[in-house]
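Okay, so we've got a single protein chain in two different forms coming up as structure tokens, structure 1 first and structure 2 after it.
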Structure 1
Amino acid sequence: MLRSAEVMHLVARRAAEFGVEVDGRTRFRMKAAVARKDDIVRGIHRSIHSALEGRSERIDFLRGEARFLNDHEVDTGDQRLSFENAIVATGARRAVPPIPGLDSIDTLDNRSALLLDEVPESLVVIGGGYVGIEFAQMYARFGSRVTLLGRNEQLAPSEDTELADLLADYLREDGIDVRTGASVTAVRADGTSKVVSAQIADESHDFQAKAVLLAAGRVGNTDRLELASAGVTTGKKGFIEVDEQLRTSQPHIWAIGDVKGGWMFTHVATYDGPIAALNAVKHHGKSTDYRIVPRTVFSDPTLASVGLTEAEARDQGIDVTVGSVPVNGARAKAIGERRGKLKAVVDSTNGEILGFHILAPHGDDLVHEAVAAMQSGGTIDRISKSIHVHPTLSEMVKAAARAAK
């Protein structure tokens, strides 16, 4: 769907820059874009099922909702199963904050917003985190008039402030009404529209739209598991607390992925899975290491990062050198993408890479050079002294590394 938004943006807004003339009106067909996405997802499901069928001698794939009866048994709806060890991997869903009126209107979430038949004429997105940013830009490119309401002064508040603020500027350039420091106080229906009221700098503002997307945080999918029967405790927002080996408060029950809170990324769940299995089956005692988890906002330009921000490093009392370069160079010019900035955060005393922050086209791919270099305490020389192909966007990663010397 993001790809559909990108194609729409290039054709509708930028084709002429590249010498492409488009006659007539450019229309976005939501149904066709959704069908394309569904087709891709179906293919993924097919390959998952065939992989499971190939393991049927060892893995029983069961349908049902598991409910713990005690610390070694679950009820699946139609049968009772006993287990020696269990791994809870039930994920998270969007939180529904206690905003007055929220139960009186229909809101979209990250799932239902990908199932629409038509593009809403206007959309208010509540939540300035990763999901809110991605959907705001996607719908703006589909043709909606979009308002993005972020609770914090900074979008994507855990990311580098300068880059997050730059991204907010770019979203505004794209026509999105970005409001930060906006605390939503009430929502209500008004005929076929919806009205979201928010407090911004001590003033109350009303935002009217045909649709509202709620992306204000997430909660763990634990409320129907009856974890207490198994002796597993949950913390705030329904997330399960685990130790560094992914063990819950019940030592033979593990929790992985979004249901344990923290960095809720697919790649974290995929990283967790085999570790928990190894610990459960072989008592391997393997620990997770989340110091080098890459993070990405799939915006345009993409905001991708790994490790500490400059502010976090300074807060830890580390003497840091920051190398910073704007998006530039032959490739960026050639593809007509000049928005963004790259920052390398380096320990001044030994050259160790502490963090890398990229707001750039294809930042989601570019960040992996830093991820690989940061393994086992890698220094900035790994990047700054490596030969990079010309002309590529990766040259910008090297330029940021050189700037941090």
Structure 2
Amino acid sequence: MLRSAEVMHLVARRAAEFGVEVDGRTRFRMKAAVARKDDIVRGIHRSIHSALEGRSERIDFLRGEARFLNDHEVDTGDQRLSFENAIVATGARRAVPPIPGLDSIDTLDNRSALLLDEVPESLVVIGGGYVGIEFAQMYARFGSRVTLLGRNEQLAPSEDTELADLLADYLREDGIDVRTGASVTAVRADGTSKVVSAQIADESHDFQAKAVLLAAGRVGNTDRLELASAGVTTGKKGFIEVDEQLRTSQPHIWAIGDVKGGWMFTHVATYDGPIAALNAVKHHGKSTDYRIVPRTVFSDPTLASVGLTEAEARDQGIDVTVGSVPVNGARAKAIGERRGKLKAVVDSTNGEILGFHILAPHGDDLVHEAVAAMQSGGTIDRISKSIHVHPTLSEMVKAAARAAK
């Protein structure tokens, strides 16, 4: 869906820049984009199930809503199953904050917002994190009039402040009304529209729209699992507490992915899976290491990062050198994408890469050069002294590395 928004934006607003003339009106067809998305998702699901069914080991698929009866039995609704070991992978869902009036209106979330038949004329997005940013830009490019309300003083509050602020400016260039430091105080219906009230800098503001998308955090999908019956404890927001081996408070039950909180990314869940499986089935005692987890906001330009921000490193008392370069390489000029900046955060005493932060086209791909270099305490020389193809976007990663020398 983000790709559909990118194509719409390129054709509708920038085609002439590349010598392409578009006669007549450019229209976006939501149903066609959703159908394309659904077809891709079905293909992915088929591939996963085919790969599992094709394995020599026996895997039985059961469909139902499972709940623990005790620490060695579950009820699926149709039958009672006993187990020696178990892995919980039930994921997370959107959090619903205690905003007055919120339960009186229909709201969209990251799932239902991908199933609409029509683009809403106007949209208020509550939440300035990854989901809020991505959906705000996507729907703005589809044609909605979008307001984005972020509770924190910066968008993507866990990311580099300078890059997050730059991204906020780029979203405004897309026509999005971006408000940070916005605490939503109430929601109400007004005819066929909704009104979201927010406190911003000691002033109350009302934002009216046809639709509201709630992206204000996540909670664990654990409330109907009867975990207490199995002796499994949960912490804040219903997330299951695990140790470094992904073992819960019950030593023969493990938890993986979003249901345990922390970094809630698909790539973290796929990292967790083999570790928990080997520990549960083979008793390998493997431990997780989340020190080098890449993260991405799939905005345009993409905000991607790994490791510590400059502020986090300095707060830990580390003497750091920061290499910073604008998105201004030859390839960036050729493709007409020159917004953004790249920053390398390096330990000044030994050259170890502590973090890498990228706001650039295809930043989600570029960041993996830093991820690979950071393994086993890699130094900035791994990037700065390597040969990069010209002209490529990856040359900018090397330029940021050299700037940190």
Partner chain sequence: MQTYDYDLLVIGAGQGGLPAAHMGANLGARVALIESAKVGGT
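These numbers were taken from a predicted model, which means no experiment stands behind them. Shifts are known only where both forms have a C-alpha. Here, rigid core means the biggest group of C-alpha atoms that superpose within 1.5 Å across both forms. When a residue number appears, read it as a position in the sequence of structure 1, where counting begins at 1.
Both panels show the same chain in isolation, but it is structure 1 that comes from the form predicted together with the partner chain. Residues present in both forms were considered; between the two structures, the rigid-core fit shows Cα displacements of 2 Å or more across three or more consecutive positions only at 55-57.
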